[in-house]
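The chain that follows stands alone, in the form predicted on its own, written as structure tokens.
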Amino acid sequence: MQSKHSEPAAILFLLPAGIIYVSAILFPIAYSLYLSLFTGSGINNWEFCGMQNYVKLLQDKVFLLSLRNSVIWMMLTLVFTTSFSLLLALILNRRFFGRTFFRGLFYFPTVIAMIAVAIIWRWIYHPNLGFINQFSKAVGLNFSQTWLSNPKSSLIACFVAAQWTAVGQPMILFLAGLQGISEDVIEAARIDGAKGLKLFFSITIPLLKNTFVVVLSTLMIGALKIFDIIVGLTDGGPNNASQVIASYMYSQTFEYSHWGYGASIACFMVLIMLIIIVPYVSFMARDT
């Protein structure tokens, strides 16, 4: 029988988590939405402008460029990061000598601060001393270029650098999903004649559905929030060629003190995440 004092006790236990949730998540979101309705760059010069900041966003060429770059980054992430991390998980799920070492080796870059990764890859991309250009010269390939200062290659160069740390976490999630698949199911499918790619696409992929929901949703959110690797490598340049939504929001808010405009960019970014993530998770998890 449930005690009459259990409900107040449960509320008291939930109160600390509720306070943290409200103060760290709900309040900042509400305050950002409030700031997005004002213009001004100081404490005493705020002026209510309604939805003008959002109208300005849709007319801002740099913002539209950063939005395009964020979408490109997200699509590349969904294709390459997901595929490569799944491939690594499939390899490391097999039994071979040293697989535990290689699991740790491929996961290790995930724990490195992204700004440190940016510093490392800045030297790798160095036009004169960088490994890529030096290696291309050593093997006789005319492949040298200024990777980070070239508008055509800067965004892709940042994406490649980010992959060093991006594949570790989804790899571990896929590996956990693969180890959760019963060997009896795999053996039964093989007895029925499934093998190779047919076994992979007909049995393994459907059984990894829940894992894909988690992996793809986290990768999409991470792609839209990408910031530190961009700032560390190019700071959005050259000529905003590698600018993404988060870096543009930061520059408008903290470098140019356009607090209301920066807040509108943040709210727009949250809206994009809700539009993309919520329907995807709801659709993929509806039968689970």
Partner chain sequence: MKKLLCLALTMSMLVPCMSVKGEEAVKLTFWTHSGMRDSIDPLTENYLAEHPDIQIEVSYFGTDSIKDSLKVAASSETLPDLWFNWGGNLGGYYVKNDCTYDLTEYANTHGWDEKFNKGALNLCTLEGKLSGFPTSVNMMTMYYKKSVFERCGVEVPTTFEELEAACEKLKENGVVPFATAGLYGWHLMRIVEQLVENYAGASLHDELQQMNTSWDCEEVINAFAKYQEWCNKGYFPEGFITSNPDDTLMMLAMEEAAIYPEVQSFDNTVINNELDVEEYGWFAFPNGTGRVSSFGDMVQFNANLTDAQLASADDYLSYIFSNESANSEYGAHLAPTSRSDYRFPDAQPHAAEVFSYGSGSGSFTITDQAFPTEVADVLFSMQEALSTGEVTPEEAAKALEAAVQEYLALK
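Because the structure is predicted, anything quoted here is derived from the model rather than measured. Residue numbers count along the first chain shown, from 1.
Unshown form predicted in complex with its partner chain; subsequent notes refer to it.
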(message) Please identify, from 69 to 77, 181 to 189, 144 to 152, 198 to 206, the stretch that has a heavy atom within 4.5 Å of its partner chain in the predicted bound form.
(response) 144 to 152
(request) Decide whether Val231 counts as a contact residue for its partner chain in the predicted bound form under a heavy atom distance cut-off of 4.5 Å. (result) yes
(message) My question is simply whether Asn239 lines the interface with its partner chain in the predicted bound form - judged by any non-hydrogen atom within 4.5 Å.
(response) yes
(request) State yes or no: in the predicted bound form, is some non-hydrogen atom of Asn128 no more than 4.5 angstroms from a non-hydrogen atom of its partner chain? (result) yes
(message) I'd like to know if Ser257 sits close to its partner chain in the predicted bound form, meaning any non-hydrogen atom pair within 4.5 angstroms.
(response) yes
